[in-house]
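Given next, in structure tokens, is a single chain: the form predicted on its own.
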């Protein structure tokens, strides 16, 4: 077994069971891509078994902190079994759910979602790539399903020196799928949709938006960065009179309109705008157009802390514009999915947006990812999605 030895003082994070070892922490040692290595402190004490990634800044990702454990076929079967059992603890009102959430489930670089009778997996690290066939076999055996599609096309694979790979690992057939979520249905395509096909992490937020629409009787809803209309369908399900959805992707808007039809809503209650969100918000402000509910769910602006400053400016401008076209007493659901923007910083950004817009708002709820996208006490980076539900003060 190959080993890597850390520089003095660099073992602290592993002693706290944080799974990452950065390249600058390593004094000596190397291995092939995905190979399991013994990670040792500067004086040779065992710290972890980890998968080595020679091209990545995260040079090793820990599989286990138990010296007696072996990283083999039974190891992956056991880890997958624990992850599947954990999902039974959550109240997930959908047949679309995340089964394995990477580091949070002790399987770094592996994401697995279930859409009805189909599994979709992303292998984003050298370690998960090396054990791909073993993982695939265990997933199929333990879920009893026969269809497994690979969506290993996330940009982080390039940082690992890995090429994009997509296609069926097991089974075949149509990649267009319809899932049930709460009181509605949503169509998606696992081959072409974002992430593994859809944003399952916003499931609970969509339910809250439907509940607010039902209670507040929204008349004019604006869904920004609407993608395929998940929040739009939720608003219509809650009884919203009119929903305007904006995205810069015409195919996504077409799928959003199809999702409205799929649920039997009157098409006249939903309108779709292929446009830039910031430019549209500026035009609404100039025209004196206002909304009593707005959703801001933009794409990732800051994948790492290094991008935080530039992302903060983008989030600030976006929220400032949204608050300026929100009716007094109106509701804003605003989100950041950027790992480089923490919850406290996001709060400060939104507060600064309100100051610039000359308005104040109550924070009535804080939102995060759905429970099948967990974070753990040892891996706070798992909290990538954060949201605020605001009510604009009259």
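Positions refer to the first chain, counted from 1. Since the model is a prediction, treat every value here as computed from it, not as a measurement.
Below: the form predicted together with S-adenosyl-L-homocysteine, not depicted.
Note on the interface: of 283-291, 241-249, 319-327, 137-145, the segment with non-hydrogen atoms within 4.5 angstroms of S-adenosyl-L-homocysteine in the model of the complex is 241-249.
Contact check at 4.5 Å (heavy atoms) against S-adenosyl-L-homocysteine in the model of the complex: all three of 199, 226 and 276 pass. Checked against S-adenosyl-L-homocysteine in the model of the complex, the residues 167, 264, 163, 299 give one hit for a heavy atom within 4.5 Å, which is 299. This chain is drawn without S-adenosyl-L-homocysteine; in the model of the complex, the residue among 114, 151, 206, 101 with a heavy atom within 4.5 Å of it is 206. S-adenosyl-L-homocysteine in the model of the complex comes within 4.5 Å of a heavy atom belonging to residue 194. S-adenosyl-L-homocysteine is not shown here, and in the model of the complex it never comes within 4.5 Å of any heavy atom of residue 123.
For the chain shown alone, residue 231 is a contact residue for S-adenosyl-L-homocysteine in the model of the complex, at least one non-hydrogen atom being within 4.5 angstroms.
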